[in-house]
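Just the one chain here, the form predicted on its own, laid out as structure tokens.
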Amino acid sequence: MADTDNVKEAKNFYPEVPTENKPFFLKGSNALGWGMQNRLSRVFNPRSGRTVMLAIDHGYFMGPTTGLERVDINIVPLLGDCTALMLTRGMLRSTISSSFGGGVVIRASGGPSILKELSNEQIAVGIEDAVRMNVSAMAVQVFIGGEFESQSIHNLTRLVDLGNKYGLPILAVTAVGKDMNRDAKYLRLACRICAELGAHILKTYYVPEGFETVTASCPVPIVMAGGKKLPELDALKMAHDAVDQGACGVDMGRNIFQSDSSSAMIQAVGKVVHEGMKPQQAYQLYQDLKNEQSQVVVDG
């Protein structure tokens, strides 16, 4: 029982100060529950409103691709510089320390490998297991225009229902098949469909022409997919242009872990995304950090 001796009378009620209840910082998320918003605050930095998500989930259909042969060696040292980590539950449990404080986005769809038709995915992670892992969001691939389009849409809607029930945001990844036009018209279609069906976050590709129409017509946050490996300056320019045109951050994989210096690259990307650093400045930072790390190796 609380000690009631010498209790001071309450007096600081500030009647002249209106009660403040700030809207949630993230686009399209103000009506979500407290738990959902709290999880989104782990995926997106509340100060910048943006994320540097490190994507290392490629192995779920590609196996140990270049740069991900040893996640414990190549990826774990980068965790302090990412806002969130996108990966599979197998890699999370086997390799990532439970003390990791950033957001965790679990790849929740899967099925075929690169040897089969990739759009034939099913839900591959149960919502109860996601809750047990205390993840921040679940990611599902959606193949608008693909052979198994409807199936992938149903995967999304089932996860959205479960996510709303348990307070878990759902990230829809808009897949672009080899026979599809990667242009603003297609991305507007894919992103809007996923948002209309309840996705809380979208991940999609950047296009130089009309990307601002993709972000403007989508009522929830869009995160730019890094895509194939580019020269470092080009990747930094793409990240800068994407956030400048409305993206709420980037989800980069190969452009970080396949860089000549992944540590320097993720720090440079962070400066672009969270602080608005210009690409050329960020590239110079990348070069300086890379050279410093090389000198440490030589001196060591």
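Everything quoted here is computed from the prediction, not taken from an experiment. Each residue number is its position in the shown sequence, starting from 1.
We do not show the form predicted in complex with ribulose-5-phosphate (5RP), though everything after this point is about it.
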Heavy atom of each of R89, V104 and S136 within 4.5 Å of ribulose-5-phosphate (5RP) in the predicted bound form: no
Partner-facing stretch of 262-270, 51-59, 240-248, 29-37, counted where any non-hydrogen atom is within 4.5 angstroms of ribulose-5-phosphate (5RP) in the predicted bound form: 51-59
Partner-contacting position among L156, L187, V173, C218 - heavy atom within 4.5 Å of ribulose-5-phosphate (5RP) in the predicted bound form: V173
Exercise: G226 in contact with ribulose-5-phosphate (5RP) in the predicted bound form, heavy atom 4.5 Å: yes
Q141, heavy atom within 4.5 angstroms of ribulose-5-phosphate (5RP) in the predicted bound form: yes
4.5 angstroms heavy atom contact with ribulose-5-phosphate (5RP) in the predicted bound form for H274: no
Contact test in the predicted bound form: L236 vs ribulose-5-phosphate (5RP), heavy atoms, 4.5 Å: no
In the predicted bound form, residues of 233-253 near ribulose-5-phosphate (5RP) [heavy atom within 4.5 Å]: D251, M252, G253
